[in-house]
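In the form predicted alone, a lone chain appears below as structure tokens.
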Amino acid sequence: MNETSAQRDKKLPPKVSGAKADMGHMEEFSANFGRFMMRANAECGELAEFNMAGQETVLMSGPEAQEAFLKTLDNKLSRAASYQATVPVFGKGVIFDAPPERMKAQLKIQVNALRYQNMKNYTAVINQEVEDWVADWGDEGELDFLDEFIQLTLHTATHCLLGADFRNQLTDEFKSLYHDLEAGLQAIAFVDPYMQQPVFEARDKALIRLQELISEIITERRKNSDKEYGDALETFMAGSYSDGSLLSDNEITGLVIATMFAGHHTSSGTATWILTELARHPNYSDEIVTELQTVFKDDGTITLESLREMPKLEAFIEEVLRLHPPLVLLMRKVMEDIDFKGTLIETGKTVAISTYGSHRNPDYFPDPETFNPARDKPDNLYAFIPFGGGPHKCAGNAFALMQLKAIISVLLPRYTFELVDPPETYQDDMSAMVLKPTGPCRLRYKKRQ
């Protein structure tokens, strides 16, 4: 591409040191996303350009840069172009593979699936799932809670999205298929999701089989069209485009899978970190138990309304989300040249923001590596961004928070939790885009007296 005189006159972002001739910064980036981006920010400032196996990427750090990233619309900074790695996971024609108007319609239908009335139903579903989970725990024991929460949130997500009938028939095959699908979202997938890799072959086979399984449910429901289900699948099947046409079976399946990622993929890791931090900080645990006992002093029923009356638990969860954000980074593709404070970010490059790095900015979070639920919130909305922000803030954030609070509201008043292994062994796993603890994550539980 030939430079224009305007481009020549503009300052370009500084480049991060340490790039290798063949893969740029990909090796360091893949080893630890978060720490690499913190190094890039420390070395270069608000804008830092690095190389992901040939893809020139500009990290935008600090609340001003992050606000610019999150508020710029898709015609300039495209989500779809950056998240093509999700296409073989969600399926062709779904969300980031759909034309702009159809993508907008699909995302609106997805938001409708998380409307208030459905959320009330989901609260009861999640509460029952947790009750069933702990029913045979006994007075004390030891579990790998990362594995346990992966299973629990898969159960809650399938129950809320696909209904009780499917949840009650949930098979090991479905769990295995979903695992293969998740594994397809590795760092290298954001460079080329179609390269010859065993993990990508397993991903593609899993999607085909999941489409078959979910299509069977859709077909069965169409035979019983008068029945009301109150779940997300019902919303997806009723959704339509501006011309009145309904979503295809594959589009419905893709939306189910995409929404499951919001309800399961990120929540399992966050739930594990909440319980781990409660075990690390029993003084906060006692405060939250007292709060929960006050909220549920009447009949103990967990409702959507009661989950909104927990400031201490909410503050604790927010501090977990600060130190262990669900997604390490968010990305966009530059579709038109961007000017940020006199620096040119050129068309064709990728831009990224790091939730992990932002939440460790000492200007907004003093002593950032210390876990402190009592810390003051920063005045700038774009310093704390666990669910993104602006017009594209994560649609599933309300569902995720409701699910996390419901789980803890059942567990904490009944059991105390302790670390089994040395505290320093409980670390973030930086090998994938979604942040979770390194496994196993073993905790010991004991019934409260």
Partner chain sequence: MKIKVDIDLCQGHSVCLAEAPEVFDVVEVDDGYPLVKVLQGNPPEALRAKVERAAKYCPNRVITIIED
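Numbering follows the first chain given and starts at 1. As the structure is a prediction and not an experimental result, all values here were calculated from the model.
In what follows, reference is made to the form predicted together with its partner chain, a form of this protein that is not presented.
Undergrad: Could you spot which one of Val111, Val191, Leu246, Ala124 gets a heavy atom to within 4.5 Å of its partner chain in the model of the complex?
TA: Of the listed residues, the single hit is Val111.
Undergrad: Counting non-hydrogen atoms within 4.5 angstroms of its partner chain in the model of the complex, say which of Ala31, Ala42, Ala398, Val420 makes the cut.
TA: None of the other options qualify; the answer is Ala398.
Undergrad: Select, from the options 307 to 315, 218 to 226, 200 to 208, 146 to 154, the stretch whose residues sit within 4.5 angstroms of its partner chain in the model of the complex by heavy atom distance.
TA: Stretch with heavy atoms near the partner: 307 to 315.
Undergrad: With a 4.5 Å heavy atom cut-off, would you call Gly54 a contact of its partner chain in the model of the complex?
TA: No, Gly54 stays farther than 4.5 Å from its partner chain in the model of the complex.
Undergrad: Even though the partner isn't displayed, in the model of the complex is Asp139 close enough to its partner chain, meaning a heavy atom within 4.5 Å?
TA: No, Asp139 stays farther than 4.5 Å from its partner chain in the model of the complex.
Undergrad: Give a yes or no for Asp376: in the model of the complex, does one of its heavy atoms lie within 4.5 Å of a heavy atom belonging to its partner chain?
TA: Result no; Asp376 lies far from its partner chain in the model of the complex.
Undergrad: Answer for Val134 alone: is it within 4.5 Å of its partner chain in the model of the complex, judged on heavy atom distances?
TA: It does not: once its partner chain is placed as it appears in the model of the complex, Val134 has no heavy atom within 4.5 Å of it.
Undergrad: What residues in 89 to 122 sit within 4.5 Å of its partner chain in the model of the complex, counting heavy atoms only?
TA: Going through 89 to 122 in order - heavy atoms within 4.5 Å of its partner chain in the model of the complex - the hits are Glu101, Lys104, Leu107, Lys108, Val111, Asn112, Leu114, Arg115, Tyr116.
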